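Presented as structure tokens, the chain that follows is alone, the form predicted alone.
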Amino acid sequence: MEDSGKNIGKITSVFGKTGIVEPTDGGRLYFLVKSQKLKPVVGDNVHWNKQSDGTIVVTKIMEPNNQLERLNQYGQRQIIASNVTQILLITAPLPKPNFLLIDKFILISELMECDLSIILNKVDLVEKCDRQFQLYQQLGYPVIKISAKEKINLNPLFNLLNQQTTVLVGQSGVGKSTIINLLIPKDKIRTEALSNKNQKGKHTTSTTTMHAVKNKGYLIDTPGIENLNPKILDIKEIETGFREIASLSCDCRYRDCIHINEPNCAVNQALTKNEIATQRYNNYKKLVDGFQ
């Protein structure tokens, strides 16, 4: 049996207790997990052993930098990916943007301590569609305007994936599937799906898959992305997703101020002076109300 310390790889697909690991020196290997305690997810960095019969067994999951969660059909938290370095938030002028959902995705990225860029798709449909997103640019979130269908301004999008582990999020109908098809050729997705299905003859389709893209990047493709769940442990963490609120928080009278009805609240004072966008503040309050 080889030393697991010399065998390190990244999980790119999971089918229950089996899946695919990409070793650091390249290639793709089908693995098994024998320990009931180990539950690998896409993006995990792992140690593995090659047994005498050639079977690859994952023996250890390294501590992740972060984890992406969603709510499953039973309302329970489910970890779907690890070690995400970047979230691309896909939006469009049509359907009408859901800014509460957008602000929730931003909160998720801030809690995970990963980069976030806003990809404004379908810019060919309307003459001016970026005015509502100028606020996010001012807060430091890049906004890139593209048309996936008409292939407009795609290079900045492609460049974002360089040496990043990226997940695409956004509400239904904004063009996520079209963008994924641009970033990952359909033939590659189809070939990998057939390979996964035929390897053991009894695999189910992976719900979350990570595809290698150019310049040492990975793109995570997962369904049910609208159900992503921010991992909030304390109500004060919610302001982390609202940079304009967090920057004023230290000026509040009370350290535990949540900026709703507390006296001498710097955030509410800024709100009355129109120094904070009402829409963003209202979305902040909705997230606070949802946590309480």
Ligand SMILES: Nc1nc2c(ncn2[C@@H]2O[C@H](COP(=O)(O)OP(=O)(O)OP(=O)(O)O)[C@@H](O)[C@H]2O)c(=O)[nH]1
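Since the structure is predicted, the reported quantities are computational estimates derived from the model, not experimental observations. The numbering used is simple: start at 1 and walk along the sequence shown.
This next part talks about the form predicted together with the ligand, which is not shown.
Asker: Closest heavy atom of G175 to the ligand in the model of the complex, within 4.5 Å or not?
Answerer: The answer is yes: G175 has a heavy atom within 4.5 Å of the ligand.
Asker: Evaluate V143 for contact with the ligand in the model of the complex, applying a 4.5 angstroms cut-off between non-hydrogen atoms, and reply yes or no.
Answerer: Answer no; every heavy atom of V143 is more than 4.5 Å from the ligand in the model of the complex.
Asker: Evaluate Q171 for contact with the ligand in the model of the complex, applying a 4.5 angstroms cut-off between non-hydrogen atoms, and reply yes or no.
Answerer: Judged by the heavy-atom cut-off of 4.5 Å, Q171 is in contact with the ligand in the model of the complex.
Asker: Can L125 be called a contact residue for the ligand in the model of the complex at 4.5 Å between heavy atoms?
Answerer: Yes, L125 is a contact residue.
Asker: Heavy atoms, 4.5 Å, the ligand in the model of the complex: which of 207 to 215, 176 to 184, 97 to 105, 75 to 83 makes the cut? Say which one.
Answerer: Only one stretch passes the 4.5 Å heavy-atom test: 176 to 184.
Asker: Of 134 to 156, which residues get within 4.5 Å of the ligand in the model of the complex if you count heavy atoms?
Answerer: Read in sequence order, the residues that approach the ligand (within 4.5 Å, in the model of the complex) are S147, A148, K149.
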